[in-house]
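Starting off, we have a lone chain in the form predicted alone, written out as structure tokens.
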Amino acid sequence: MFSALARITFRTQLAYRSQLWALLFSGFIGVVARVSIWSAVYGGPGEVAGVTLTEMITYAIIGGTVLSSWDATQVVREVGTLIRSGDIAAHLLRPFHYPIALLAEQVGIRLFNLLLVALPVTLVSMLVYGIVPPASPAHALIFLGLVAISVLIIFATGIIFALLSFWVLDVLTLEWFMRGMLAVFSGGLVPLWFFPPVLAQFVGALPFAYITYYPMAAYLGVESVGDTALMLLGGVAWVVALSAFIAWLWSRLTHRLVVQGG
């Protein structure tokens, strides 16, 4: 059932060819903007906070495409639409766990975005701007593990906000709050090493830093292999905690459903 839902969602995304071209174009524009901004900030070769311009361009390309280009708020909008129309009732009557169905659909969308948008944009950007390789083979392996953690945490965050829409009914506020929070706290716009120390320590303790900052910190070898491995364990702990929170949230929601319209 899970794989079938993921395949259906993937094929549905394929049907929108104009959307695919728009995503590719916006992806390239995003990379050009990020690289241009950081090149202007550095003003030439050299280091800022111990990070070279080439490393920062690597962060901007991989972090801005593979890790944080996906619109995770889409699931919040879709659930909000189902609640307003009343169609959510039909989904809840289906013979599968609704949060698991949401996860399967997000997997399909994420695979579509990764294979047909993020990877082409990343490869072309690498040829144009160039990037540095991973700091070491060990850092590369931990980076791959943290990419998996990044995907799971962004899935969990999207599903939590989608389930919260059962309470607030109007999801626009939730969507904007989630979008802004992820942009700042994930390190997708500005890496945590440019934050004030106290703020960086606070944001680093949140799960959202695992979406972009920690994977890229591992890739660039900002920390030792041992400390980077501890990052991975911390990410696993956050995935378990967020999964437990989703299960608790869903158990509360099954006793509270108010449908508008329909």
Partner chain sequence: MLQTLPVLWHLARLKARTNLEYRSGLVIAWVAQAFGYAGVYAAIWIITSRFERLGGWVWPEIALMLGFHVFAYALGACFTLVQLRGMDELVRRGGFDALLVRPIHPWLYLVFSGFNIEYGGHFALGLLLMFWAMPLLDVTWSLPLVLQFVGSIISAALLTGALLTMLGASAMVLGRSRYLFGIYFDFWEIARYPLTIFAPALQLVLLTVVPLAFMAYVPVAVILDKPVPLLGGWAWLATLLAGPVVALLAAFYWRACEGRYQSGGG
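Note that the rigid core is defined as the largest set of C-alphas that superpose within 1.5 Å between two forms. Keep in mind that this is a model prediction, so the values were computed, not measured. Positions refer to the first chain, counted from 1.
Another form, the form predicted in complex with the partner chain, is not on view; read the next lines as being about it.
Would V48 sit within 4.5 Å of the partner chain in the predicted bound form, counting heavy atoms only?
V48: contacts the partner chain in the predicted bound form.
Quick check on T81: any heavy atom within 4.5 Å of the partner chain in the predicted bound form?
Close contact is absent here: in the predicted bound form, T81 is far from the partner chain, nothing within 4.5 Å, heavy atoms only.
Is F202 close enough to the partner chain in the predicted bound form to count, meaning some heavy atom within 4.5 Å?
Taking the distances in the predicted bound form, the answer for F202 is no, it never comes within 4.5 Å of the partner chain.
Report yes if any heavy atom of T173 sits within 4.5 Å of a heavy atom of the partner chain in the predicted bound form; otherwise report no.
It does: once the partner chain is placed as it appears in the predicted bound form, T173 has a heavy atom within 4.5 Å of it.
Heavy atom within 4.5 Å of the partner chain in the predicted bound form: which of A183, L111, A138, A104?
Selected residue: A183.
Can you pick the one in V198, V32, L206, L233 that has a heavy atom within 4.5 Å of the partner chain in the predicted bound form?
Comparing distances to the partner chain in the predicted bound form, the residue within 4.5 Å is V32.
When you measure heavy atoms, are S26, W38 and F194 every one within 4.5 angstroms of the partner chain in the predicted bound form?
Spot residues vs the partner chain: full contact, yes.
Counting only heavy atoms and a 4.5 Å cutoff, which of 117 to 125, 138 to 146, 94 to 102, 174 to 182 contacts the partner chain in the predicted bound form?
Of the options, only 174 to 182 has residues within 4.5 Å of the partner.
Core-aligned, is the CA shift for R84 between the shown form and the other one 2 angstroms or more?
Passes the 2 Å threshold, so yes.
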